[in-house]
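This document opens with one chain alone, in structure tokens, the form predicted on its own.
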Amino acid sequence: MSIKKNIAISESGFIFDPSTGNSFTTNPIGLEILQLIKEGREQNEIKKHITAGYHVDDNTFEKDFYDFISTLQQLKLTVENEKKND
């Protein structure tokens, strides 16, 4: 999964989808997760980064991460990555 290329994300957590005109905001941790996703980081890398920086246990991270990702998908801000053929 990745964030759609046309989605604009400001340093303050303002998210704008120019294809729909919709805008959203996120908190600093959500913004950090969005930036890590845009960098192409995998879930395990994001988990390590967030749990190390924010004293959160693995179970809490996973629940909150899936909730956040689900919201991004519902808002149609993401696209599925194509799998590479080996």
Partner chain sequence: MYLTKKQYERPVIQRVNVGLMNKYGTRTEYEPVTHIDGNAVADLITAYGSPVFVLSEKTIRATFRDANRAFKTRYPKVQFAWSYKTNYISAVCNVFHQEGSWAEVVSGFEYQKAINNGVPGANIIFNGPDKSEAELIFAINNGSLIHIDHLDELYLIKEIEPQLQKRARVAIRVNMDTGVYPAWDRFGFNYEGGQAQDAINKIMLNTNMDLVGLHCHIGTFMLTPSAYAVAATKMSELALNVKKKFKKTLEYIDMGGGFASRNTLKGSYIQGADAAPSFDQYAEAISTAILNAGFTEADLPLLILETGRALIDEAGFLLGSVISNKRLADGRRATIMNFGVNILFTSFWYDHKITPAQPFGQHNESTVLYGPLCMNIDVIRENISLPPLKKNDQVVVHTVGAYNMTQWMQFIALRPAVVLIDMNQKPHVIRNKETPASIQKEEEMPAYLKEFKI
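Positions refer to the first chain, counted from 1. Every value quoted in this text rests on a predicted model; they were computed, and no experiment measured them.
Unshown form predicted together with the partner chain; subsequent notes refer to it.
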Answer for residue 60 alone: is it within 4.5 Å of the partner chain in the predicted bound form, judged on heavy atom distances? yes
Does at least one non-hydrogen atom of residue 40 fall within 4.5 angstroms of the partner chain in the predicted bound form? no
So in the predicted bound form, does residue 51 come within 4.5 Å of the partner chain, heavy atom to heavy atom? yes
With the partner left out here, check for me: in the predicted bound form, does some heavy atom of residue 78 sit within 4.5 Å of the partner chain? no
Residues in 7-28 close to the partner chain in the predicted bound form, defined by a heavy atom within 4.5 Å, in order: 14, 15, 22, 23, 24, 25, 26, 27, 28
